[in-house]
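The chain below stands alone and is given in structure tokens; this is the form predicted alone.
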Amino acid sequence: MFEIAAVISIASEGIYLNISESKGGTIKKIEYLYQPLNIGQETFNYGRISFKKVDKICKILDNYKQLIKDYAVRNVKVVGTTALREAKNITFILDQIKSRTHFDVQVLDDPQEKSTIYKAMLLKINNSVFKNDRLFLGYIGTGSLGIAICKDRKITYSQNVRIGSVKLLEILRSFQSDSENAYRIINEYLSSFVKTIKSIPDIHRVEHFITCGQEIENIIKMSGGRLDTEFQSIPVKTITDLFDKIKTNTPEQIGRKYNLPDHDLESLLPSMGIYKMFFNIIEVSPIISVPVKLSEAILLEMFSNDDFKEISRVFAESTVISAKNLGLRFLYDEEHANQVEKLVLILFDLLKPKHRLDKRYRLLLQLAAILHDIGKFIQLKNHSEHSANIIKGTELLGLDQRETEIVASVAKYHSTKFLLSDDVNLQKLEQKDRLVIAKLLAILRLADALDRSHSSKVKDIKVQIKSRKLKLKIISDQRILLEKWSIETKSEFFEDVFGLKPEITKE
């Protein structure tokens, strides 16, 4: 028994097609095609993609569509990355592609793209001898740089930095006639990010530097290394010596000398510049490359075998860890956050027949509980507004923009009035998401009220639903008078959402 699936990736430098099959837990590539098309040049220079280029995109997609049909593939996913994501006319482009090719393009936001890559990297690392060490994961995208710190196969910190190979390429193009100074400009540009990267927790304690992508594979080829093993290692000095050797060469000169395809050449020097920046911060050698590309990572999700499901579970734990590390950075009340987190999870599970939300929303509620008060670091007054701004500005590991907005909204309204129909910010969200926020918020408010004294009095909760009442039997060895009062004053919203009036008794 085997499955077959296809991924089309519309990237900044071209369009990829990967048709693969999954059999017996292994994935085998059937077809892998690439059509160069410099979409990013228009987006990064002009902020939009011309419809002349859209014509070319559609022609390539139509050709791929025929091949997909020949293989009788039914499970197909089409994704777009930075060049589409940052185009101001993205809505019109996607509509044109849909009407002309019948493909629905899912434009991955930056956190989605990086999370997909990280999961695939962790899956590859899972059987390595260094899987439990402290690892630095670096992924150079065309428009941004993904950085993560990993320990015991869990990501403890992640950040997306707004630099990428194609964006640096635009700097190089500006100095086409002055290659000697071009690399100096790149070094100066990258140096402005060094301080930010140096401040990442534990970055100076990493034991291994793990990376992936076409650029590092090309560097290994140019250095005479092999690409036929699960992990490829290359000494840092080999890369820096190679960079010094070719940094003033044109892409054409590099291509002739090292026999590389044209579409891999332009991003090579910018990527090597980024790697060299890392080497000035992270003093480990050699660096290790794992064979992961975006289309392959998406196929792992689509096939979703047992190993990938386990990695996804661990990744969710990493999301919680990164949220708690964010809380520590903003000096949150850790005991109160842990207590509210515990209570929301108990209530979510006990109220499942009423809220009818899946486990993904359980995770979002858990994150909102951990982070609902971090805004107090900035100001006690309007702290919930500050909490929401911090969450939205941080890009929590593993969440897409929609999920981040849900977590931020639940945190924002935990202590301010929630008006489902009148709030301007909520009106930007789909109705189903506004309802989800209301349900999660009602549970968070209840849990927060049960720790009103910030003393972790509640050890456990028993729930009984009877005659439109939610009877909460609190297990505690302390007086809960303040908690009872808080429940009574905050029960109206819960009653509006679920049609149940909370009542509290102590056991």
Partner chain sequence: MNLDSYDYYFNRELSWLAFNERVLDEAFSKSNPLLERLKFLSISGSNLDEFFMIRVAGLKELVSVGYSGRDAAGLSAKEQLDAISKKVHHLVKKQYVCLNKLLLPKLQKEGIRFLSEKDLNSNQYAILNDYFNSTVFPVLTPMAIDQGRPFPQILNKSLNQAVIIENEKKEKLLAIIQVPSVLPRFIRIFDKDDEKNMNFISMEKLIKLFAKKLFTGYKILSIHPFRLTRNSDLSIDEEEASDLLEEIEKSLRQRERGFPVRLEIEKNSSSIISNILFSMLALSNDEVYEINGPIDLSSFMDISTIEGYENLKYKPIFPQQPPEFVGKKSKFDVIKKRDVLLHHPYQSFKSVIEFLDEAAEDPNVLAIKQSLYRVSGNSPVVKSLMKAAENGKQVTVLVELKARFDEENNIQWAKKLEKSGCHVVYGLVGLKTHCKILLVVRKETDGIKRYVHLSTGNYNDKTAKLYTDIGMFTSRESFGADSSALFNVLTGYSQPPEWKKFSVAPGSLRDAFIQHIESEIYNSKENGNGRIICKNNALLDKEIIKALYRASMAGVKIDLIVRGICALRSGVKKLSENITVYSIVGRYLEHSRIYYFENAGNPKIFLSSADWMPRNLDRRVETMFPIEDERLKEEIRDILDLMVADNVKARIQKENGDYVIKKHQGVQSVESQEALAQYYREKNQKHFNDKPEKSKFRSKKNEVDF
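Just so we're clear, the structure is a prediction, and the values are computed from it rather than from any experiment. Positions refer to the first chain, counted from 1.
Although not depicted, the form predicted in complex with its partner chain is the subject of the following passage.
- Taking the partner from elsewhere, D496 is found to have every heavy atom lying beyond 4.5 Å of its partner chain in the predicted bound form.
- In the predicted bound form, its partner chain stays beyond 4.5 Å of every heavy atom belonging to F130.
- A residue is said to contact a partner when one of its heavy atoms sits within 4.5 Å of a partner heavy atom; D70 meets this definition for its partner chain in the predicted bound form.
- The closest non-hydrogen atom of S456 lies beyond 4.5 Å of its partner chain in the predicted bound form.
- Proximity to its partner chain in the predicted bound form, defined as a heavy atom within 4.5 Å, holds among I4, I504, V7, L500 only for I4.
- Contact with its partner chain in the predicted bound form, judged by any heavy atom within 4.5 Å, is made by just one of E42, E31, D460, D55: E31.
- Segments offered: 110-118, 312-320, 70-78, 265-273. Contacting its partner chain in the predicted bound form at heavy atom distances within 4.5 Å is 70-78.
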